[in-house]
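Below you will find one chain, with nothing else, as structure tokens; this is the form predicted alone, and questions on how it binds or moves follow later.
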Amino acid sequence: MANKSILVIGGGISGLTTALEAAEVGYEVYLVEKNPYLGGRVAQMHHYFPKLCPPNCGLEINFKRLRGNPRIKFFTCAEVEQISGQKGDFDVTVKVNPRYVKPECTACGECVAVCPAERANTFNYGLDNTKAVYLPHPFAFPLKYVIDRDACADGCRKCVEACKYNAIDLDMEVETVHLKVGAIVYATGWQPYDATKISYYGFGRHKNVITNVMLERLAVPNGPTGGRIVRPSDGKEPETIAFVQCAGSRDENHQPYCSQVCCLASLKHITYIRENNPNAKIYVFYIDIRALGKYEDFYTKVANDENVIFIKGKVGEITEDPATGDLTLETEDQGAGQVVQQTVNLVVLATGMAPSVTAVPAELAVVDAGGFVISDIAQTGIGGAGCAHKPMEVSASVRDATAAALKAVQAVVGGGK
């Protein structure tokens, strides 16, 4: 008899949607997330495009649904280690890493006040630091602190002494959980393409070359700069900014595919900058601007801004003036038919989406050349949802995840044969 439970790997917007849709029609769901919080990349965003509204309200609605549904059991700080079996009868091993903070935590912050150690803030893409004991972000779910033991000072137990609720246990160990499920949905989302691989753009060498996801965090009021978009080198507000589209995308040496959202994300980022600094001059270097259907009006609105200049041409190289930190981009302006150089204060690389899928058993699921899971869940019992399936924006991810939930249900009830 087929197992009727469903495993969802990844707790971002796609994973949450898949889990909720399946659970709300009566199926038991296990949700596994490697981060200490749910919400994924959406939790790191400032605004959605094209309405430019914040994502927190949508996430909170999903968290409310999650809290009220006893059919969903979720694990944070957890990773799937092994999968075996077949559709309707999978054995799954999950490693749950220690948070070092127990459920009794009230997020009072007394532990942070006494912690002497710091770590790079991964939620802000390393743009600032947190203490070794930290709350992932102000709207984290669950709203519990977590401790980075690798960053802790040797022998320090100040957080333990400061916690009046006895909620910190520095001796927590890894736990192993064994699950039996009938279908598995990979909703592991995406990660920004590693811009250091595009050596001629100087990311990692030139301080004022940043990525699109970093700019997103700079714009957030609770981000590393309080919502101020500034240069990493000196904290000054840039007067001239260049956006380099398809940074690593549509390139056989990096990612041969289009990630679909990068152009729209850059248009959104331009609105952030114009709101911060109405006098800023912005240059967009592009191959094609892909803003189809309902998004064309959004593109037209941004393109009509007299302070925004679009230059059709792929940037060949970026060099830095070490005295000022300014950057010079060299490209062939296809419209003018000549090589041009443009010097700016800040460069933003529109890096594409790389899949975050891991631990996919080759004998059980099909992954395409880009690393995206393309198996039909209803047929095989394992498949992808959202950006684990293919690059897409948030609303498309929600639709895809809803479809994945239906296919997972079909798999566990014996459909799709």
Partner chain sequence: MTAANNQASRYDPAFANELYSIENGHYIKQCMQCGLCVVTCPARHLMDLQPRKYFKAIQAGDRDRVLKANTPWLCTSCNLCTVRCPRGIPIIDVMHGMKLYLAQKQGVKSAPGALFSKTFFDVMLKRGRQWEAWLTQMYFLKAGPSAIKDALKMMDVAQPMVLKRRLPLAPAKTIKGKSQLKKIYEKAAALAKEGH
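Positions refer to the first chain, counted from 1. This is a predicted model, so every value here is computed, not measured.
As for the form predicted in complex with its partner chain, it is not shown, yet the points below apply to it.
* Whether Glu252, Lys312 and Glu332 all lie within 4.5 angstroms of its partner chain in the predicted bound form by heavy atom -> Judged in the predicted bound form, Glu252, Lys312 and Glu332 all sit within 4.5 Å of its partner chain.
* Asked: So which of Thr176, Thr324, Gln82, Gln341 gets a non-hydrogen atom within 4.5 Å of its partner chain in the predicted bound form?
  -> Of Thr176, Thr324, Gln82, Gln341, the residue with a heavy atom within 4.5 Å of its partner chain in the predicted bound form is Gln341.
* Can you pick the one in Cys156, Met172, Val114, Ile287 that has a heavy atom within 4.5 Å of its partner chain in the predicted bound form? -> In short, Ile287.
* Does any heavy atom of Gly204 come within 4.5 Å of a heavy atom of its partner chain in the predicted bound form? -> No, Gly204 is distant from the partner.
* Asked: Is the gap between Gly316 and its partner chain in the predicted bound form 4.5 Å or less for some heavy atom pair?
  -> It does: once its partner chain is placed as it appears in the predicted bound form, Gly316 has a heavy atom within 4.5 Å of it.
* Since the chain is shown here on its own, which stretch among 178 to 186, 332 to 340, 85 to 93, 125 to 133 would lie within 4.5 Å of its partner chain in the predicted bound form, judged by heavy atoms? -> Going through the listed ranges, the match is 332 to 340.
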